[in-house]
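Structure 1 and structure 2 below are the same protein chain in two forms, each given by itself as structure tokens.
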Structure 1
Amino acid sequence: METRDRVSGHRAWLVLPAFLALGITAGHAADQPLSGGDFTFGYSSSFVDTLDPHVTSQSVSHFIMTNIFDPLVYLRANGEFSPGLADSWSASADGLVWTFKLKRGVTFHDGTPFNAESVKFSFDRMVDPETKSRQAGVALRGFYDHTEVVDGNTVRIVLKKPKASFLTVISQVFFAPVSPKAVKEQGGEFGRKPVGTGPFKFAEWVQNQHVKLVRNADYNWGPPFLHKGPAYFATLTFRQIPDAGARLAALESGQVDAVDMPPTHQLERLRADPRFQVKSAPQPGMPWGWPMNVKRAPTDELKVRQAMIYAFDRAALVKNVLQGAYKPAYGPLTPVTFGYNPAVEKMYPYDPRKAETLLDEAGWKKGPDGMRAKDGKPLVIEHYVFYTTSEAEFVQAELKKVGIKSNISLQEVGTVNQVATEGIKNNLAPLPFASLDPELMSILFHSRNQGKGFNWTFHTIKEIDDLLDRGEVELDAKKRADVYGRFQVLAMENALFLPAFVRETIHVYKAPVQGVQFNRRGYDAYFHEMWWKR
């Protein structure tokens, strides 16, 4: 008995390490990324205009293009810059000359070598008026002078004046190098068959249905904070499913493997469901809200615009419509954006009485039905929306309480963009805009960007233009933050923006999906890093 126990005990010591070893080995293997498998993402956008990074400004296009193209540098989620297609970079003391040492051995998907000539071609193309860029060209307009090819793997980008956000700006895929050969051969069709250097190659685009990509087997030049080598997924498909309920149903039925922007009333249930994982990231840039068109009545009157902001209970919108998924917004920048000024949070407390007083002072008197009119004209707001009407309907109800009627027109996003850019038919149109830098405010509020860009307010306030001009060139971080702080107060004093809520990016993935990471924009995920856990 004693011997048997001792033997048993000995065997136990012999066997236990083996089981432990097996356990460690099994666990280690389970945690190792696996290559292969298809992945389908159900995306909320109803519209992709083009996959040409130098033309589009759409976030959904950026989301897809992040997989097709590489920028010269990456801006990590922790705020540090990392090599992209450039191994290293430096700037002259005056901030006018940026020198980039490029990676060697990189090729575009069509076999064209990536080199200094392709960088020059790409930057010259961005600013060419013929390209009609909605983002890259606009951001560089007035700053970019030329690019010099120093040698095959060295370029100098020369600016006309310093641009404080230059490195941050070009870290976005909107500024990524493209294949010169493919652009020249395809012409205007390049955006339908994009060719970059990224971890996935373009494969198929079925209009209003999906975009499909396939793994770039040659890819070994990814940024150092991601794994070296090709992506794990064999294919990547982006399905357009604008309806939130249908999108979630597609996930739960297994038609797709992940979705963005699930219905907020389902978030608590999804977080508790072991079949899924909910991932979120804050978005720098502009919160969800509505630029107010000052060239079209009645929002051409300051007191009407101010009354609309006082009449809108943003906290109630977040609580009752969005189920607390987001936070109220108070100005044109989100709190995670450089230069955010918390002073805007006290400028327009919810005060319907104040709103009524302002409307009375402006001559908009209430009639027997409780609605307001002046000189025989009713007080009516034309509100264009895309995706959903729920937020607009809440605003509609709030404005009605103080005597303002609003008409809601639900359109696809391209139509809303066109209407708001012209500014003839609308008073309000939503314009959430993720961006890494407050310089975004120049695109959205500088008067030079009316009628062709994204200044949907159509204001002509010189002090705002001057502040935005200073913010673009000020290299001292504190002074720059002060400039954008003053801009935010001035924009709200003039009631150019009706802020609603600070939106986060929310994705829901199937539980076996591993390696989910968002980038600094808080909008794009690195699919190169994801894999299926078996």
Structure 2
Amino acid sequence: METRDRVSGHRAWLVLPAFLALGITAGHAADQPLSGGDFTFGYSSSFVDTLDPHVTSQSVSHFIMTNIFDPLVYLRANGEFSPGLADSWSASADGLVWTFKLKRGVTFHDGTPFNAESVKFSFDRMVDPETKSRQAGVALRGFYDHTEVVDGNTVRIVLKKPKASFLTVISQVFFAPVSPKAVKEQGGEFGRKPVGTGPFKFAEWVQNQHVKLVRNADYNWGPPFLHKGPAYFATLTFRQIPDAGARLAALESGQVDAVDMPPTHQLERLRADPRFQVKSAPQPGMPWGWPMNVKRAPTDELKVRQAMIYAFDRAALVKNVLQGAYKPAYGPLTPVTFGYNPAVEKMYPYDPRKAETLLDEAGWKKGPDGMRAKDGKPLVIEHYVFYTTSEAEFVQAELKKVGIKSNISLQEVGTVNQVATEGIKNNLAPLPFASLDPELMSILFHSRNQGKGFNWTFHTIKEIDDLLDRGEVELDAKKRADVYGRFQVLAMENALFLPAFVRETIHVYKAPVQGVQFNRRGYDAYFHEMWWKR
């Protein structure tokens, strides 16, 4: 029956121009959000593992869970915090004790009241080894101590050591309170039938196919930057469509109302099509690019690494390979990330001549074929990639122009992970990570995360480690931004990272969908705020 609602809604939209032509306009009413209708989103990711926020680490799970759960605080797209399930919060001067005053009158979808007990239950659950958490528990580990219930509507979260990103971290739905009753009753099946406080209630999940949610009619505790009251859509369905061609076919044949990640070569056509609207949001964190392995020749030489960055025309990559869908990147952080330092933008202008000079200086001489060698050894870069080779091929062509040969090995993601983690066979491997906080840089650049984990550069620069350690605990925002600003310059001076482009989340919606708004992660949209224009 919901399907029929949606179809009639669309028909109404189709005849609207006729009414306008007849002069029977609805006046301002057309801009008033309308309640009702069904909405189906076709998403690209091939798999939702679990909708248990405390267990999963997947972006697509977060995307769906954003509608089922509310965090204690929201981080707005503009970087400001806003009340979520907590009305207000404060931290002790040493940053160790965080007190949250909770909203009253909030209930979980199973009817149990939300209170201080459920917050304590949830945080304790995240760090419980039994939960086998891949994100929430991991992020809290090492600095979370315990949670105290002060009274029914006040909790105190006590930390072992200060954590500058604490509020930012817990603004993610991975850290949202869950219904203790539902967890106790369902045990391991909670992730299949999640119960939260959000604007939509879980309804149905056919694995590898769709997740269906229905509007929570009681919802009136949304964050102040969104409208008060229940969501407009009556139902919300997330449909898994991993194949890009099939995803567009489903959109154009009307089976879904929106999709994410359209093929970039179709963007121009979609933007020009009045049936659709293209929306995008930049992602905070690390841009798409390649950590450079300083352990293995020839990227163990600073001048070779610097030459590679000079030789790589990122603006041309964006224009010619990515059809202008993204923007060039200049350092290890994207511009929307806290602490981004625009100084990196001037450090490596596209300058192939400079690249050649650096290589000459380093003793890599050009042979008759235009390729370089030193002491009879050719200058060769081993480049491991997964998923797609188009960016790698572009870099290959750029490097060839200055006399560097590069070999591309297309492997599946687990193999590339392992090769890059060992760092014996590769010089380059792509590693993009989205994250709300520059603290991510510790995972990618701190030397303690080499050999296991995600520092694929293998540098031994102590100053970088020290800066990253300070960034994690510095509570003064100004000083903290300076720490990460210095880190970015240092990382680029040492040419540890070959930046490529800043990714954006791209969604295509049918034209009558109103109220599209992304969150700070750039990945999630607030479906609570959207409605069908008729």
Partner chain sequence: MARYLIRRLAGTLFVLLGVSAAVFTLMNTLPGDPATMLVSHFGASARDIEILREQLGLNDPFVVRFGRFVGGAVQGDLGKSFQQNRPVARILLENTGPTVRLALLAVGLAIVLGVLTGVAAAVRRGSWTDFLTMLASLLGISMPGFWLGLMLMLLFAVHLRWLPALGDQTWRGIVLPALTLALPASATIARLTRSSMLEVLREDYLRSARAKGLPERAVIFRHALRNALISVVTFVGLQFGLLLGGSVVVESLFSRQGLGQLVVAAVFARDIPIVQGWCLLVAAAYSLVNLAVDLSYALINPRIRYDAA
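Sequence positions of structure 1, starting at 1, serve as the residue numbers. Note that the rigid core is defined as the largest set of C-alphas that superpose within 1.5 Å between two forms. All figures in this text were calculated on a predicted structure; none of them were measured in a lab.
J.: Determine, for this pair of isolated chain forms, which one is the form predicted alone.
T.: Answer is structure 1, the other one does not fit.
J.: For this two-part rigid motion, what is the smaller part's turn angle between structures 1 and 2, in degrees?
T.: The rotation of the smaller rigid part against the larger one between structures 1 and 2 is 26 degrees.
J.: In Å, how far apart are the CA positions of P287 between structures 1 and 2 with the rigid core superposed?
T.: A shift of 3.5 Å.
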